[in-house]
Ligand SMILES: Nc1nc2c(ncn2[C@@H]2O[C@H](COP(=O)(O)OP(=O)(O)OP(=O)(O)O)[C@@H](O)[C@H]2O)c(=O)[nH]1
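Shown below, as structure tokens, is a lone chain in the form predicted alone; questions about how it binds or moves come after it.
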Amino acid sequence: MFKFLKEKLKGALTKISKDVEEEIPDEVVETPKEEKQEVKKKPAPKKKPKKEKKEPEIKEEVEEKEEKQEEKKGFLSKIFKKKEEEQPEEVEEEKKGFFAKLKEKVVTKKISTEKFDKLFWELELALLENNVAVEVVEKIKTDLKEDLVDKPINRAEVSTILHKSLKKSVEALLKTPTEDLVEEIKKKKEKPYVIAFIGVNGSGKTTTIARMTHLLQQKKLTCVLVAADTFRAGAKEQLKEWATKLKVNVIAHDYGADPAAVCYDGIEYGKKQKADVVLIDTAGRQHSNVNLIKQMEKIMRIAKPDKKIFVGESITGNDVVTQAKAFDQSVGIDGIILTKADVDEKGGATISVSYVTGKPILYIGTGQELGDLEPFDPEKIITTLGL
């Protein structure tokens, strides 16, 4: 899962880190402290012998000298006290701060906008090659710019800063606010809770409905299925086959019937049976087909679903993002389920679809069994990408 994207991201981040580190010195050479030079002392001149003085004269001289020394001492103490008051207390700290700043200038580097654009090119290619939408690439670029451009970067921290910044950006892309679907269903007082599944042909809607039914049954919720795909041959038979395995009822009409009428009957049946949830399987249609989209709009007016879930294949990359965006603009979607996420080596759709549509990914399909529908966990994606 996301193997290619993980490898590409790792390679791009390593390349950027290396390019930045090459511009920052390997080590700091601090200026050695000045050695004190020994000064040769000149021999003191020989003093001439003084004449011996008498005792009274000596005593007077000693007393006179002591008085002068006291006066001098008092005068000097005043001067030193005044200088101490004027002297800043943080002289030593200032000296340390100066050398610390000098060292910082030597070991750190600021990346300019022009340099960043050149460095980001590697990462941009990695993202685009793995089906990450252009809007998302620009968002990641903007986020990284805020963290890296014109900021002092230490050589030892380049790789860490890059990884942290990218992780923070991807987390923001994935964490679209949403409430737990099971809790929403349980909170609704007037039953049933109606869910409509929409998407293009072959996206896996019918199988996803079966898996969702199984998941809801595990939560002790009762379900009714509605075969509103009256266009594709074999569609209702496929849904009935799943219903038999799951031991639930299916409401279906003949092929060619009005799908909106099937939805109405299915919801009414759900009310009578006091079912907790009604799950509607609609016909797959291309988002570009205007007539089919209008038919879908009619279904939504009649069914008034509590939740409209877009189902798309993760492996189709940018196509699934475009489809989700188009369906949201035409009929509105409330959430997304991505199928075949377990075989998606690129992961671009998973990173992009929520940001582009503003709608949360609710679940992802992770295999071929009924139980292979997992609640979407952004943290798991982050871990998978190695961020």
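The first residue of the shown sequence is 1; numbering continues from there. Just so you know, these numbers come straight off a predicted model, no measurement behind them.
Same protein, other form: the form predicted together with this ligand, not shown, and the subject of what follows.
Among Lys175, Lys118, Lys167, Arg232, which has at least one heavy atom within 4.5 Å of this ligand in the model of the complex?
-> Checking each option against this ligand in the model of the complex, the one that comes within 4.5 Å is Arg232.
Could you check which residue among Gln218, Asn201, Asn291, Thr142 gets a heavy atom within 4.5 Å of this ligand in the model of the complex?
-> Residue within 4.5 Å of the partner: Asn201.
4.5 Å heavy atom contact, Gln295 to this ligand in the model of the complex = Because no heavy atom of Gln295 falls inside 4.5 Å of this ligand in the model of the complex, the answer is no.
Is Thr350 close enough to this ligand in the model of the complex to count, meaning some heavy atom within 4.5 Å?
-> Contact check for Thr350: no, nothing within 4.5 Å of this ligand in the model of the complex.
Is there any non-hydrogen atom of Lys346 lying within 4.5 Å of this ligand in the model of the complex?
-> No - in the model of the complex, heavy atoms of Lys346 and this ligand never come within 4.5 Å of each other.
May I ask you to state whether Thr206 is within 4.5 Å of this ligand in the model of the complex, using heavy atom distances?
-> Thr206: contacts this ligand in the model of the complex.
Can you say which of 224-232, 257-265, 178-186, 118-126 gets within 4.5 Å of this ligand in the model of the complex, counting heavy atoms only?
-> Only one stretch passes the 4.5 Å heavy-atom test: 224-232.
Hey, which residues along 365-384 are within 4.5 angstroms of this ligand in the model of the complex, non-hydrogen atoms only?
-> The stretch touches the partner through Gly365, Thr366, Gly367, Gln368.
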